[in-house]
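Single chain ahead, written as structure tokens, the form predicted alone.
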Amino acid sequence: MSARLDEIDRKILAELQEDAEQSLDEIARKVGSSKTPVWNRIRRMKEAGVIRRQTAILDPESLGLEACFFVLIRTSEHEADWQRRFLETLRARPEVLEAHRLAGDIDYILKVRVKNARAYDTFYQALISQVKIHNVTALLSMEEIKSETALPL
């Protein structure tokens, strides 16, 4: 269910997505409001779950995480116990930045960020030792063309 947001809420969200370190005064000036109403709107959107958290976006290559793999997973297992173990395994692996269950021929796609191919193989070996997987295809991203965290408002 989507939250009811007005134009000012959306402007505040756009400002926070651009730079969450801005002061309330700066945000209020940019959205045409004052500090207290902006603070109240942000608090309300946090309580409603519209704003999940505020965080820093790090540069993976600066941290030596130069390899990004998209991992396509097909499974012949669809029981609740298998799915629970699989999801627990993914959530426990910091290399897995995203995981999606898909419609179609592929059951899951993962976005995995590691140092290199050897580190990916270590991840892969750990994954298949913990859960039974029918087929895994790893695709190495040669170049990141676009990566955004800001949602369209």
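As the structure is a computational prediction, the values presented were derived from the model and not from experiment. So that there is no doubt, residue numbering starts at 1 and follows the sequence shown.
The form predicted together with the DNA exists for this protein as well; it is not shown, and the discussion that follows is about that form.
A.B. asks: Does the DNA get within 4.5 angstroms of any non-hydrogen atom of residue 113 in the predicted bound form?
C.D. replies: Contact with the DNA, no.
A.B. asks: I'd like to check something about residue 39: if you look in the predicted bound form, is any of its heavy atoms closer than or equal to 4.5 Å to a heavy atom of the DNA?
C.D. replies: Residue 39: yes, in contact with the DNA in the predicted bound form.
A.B. asks: Is there a heavy atom of residue 137 no more than 4.5 Å from a heavy atom of the DNA in the predicted bound form?
C.D. replies: Judged by the heavy-atom cut-off of 4.5 Å, residue 137 is well away from the DNA in the predicted bound form.
A.B. asks: Considering only heavy atoms, tell me if residue 35 and the DNA come within 4.5 Å of each other in the predicted bound form.
C.D. replies: Yes, residue 35 sits close enough to the DNA in the predicted bound form that at least one of its heavy atoms falls within 4.5 Å.
A.B. asks: Given the stretches 26 to 34, 104 to 112, 59 to 67, 88 to 96, which is the single one in contact with the DNA in the predicted bound form, using a heavy atom cutoff of 4.5 Å?
C.D. replies: It is 26 to 34 that comes within 4.5 Å of the partner.
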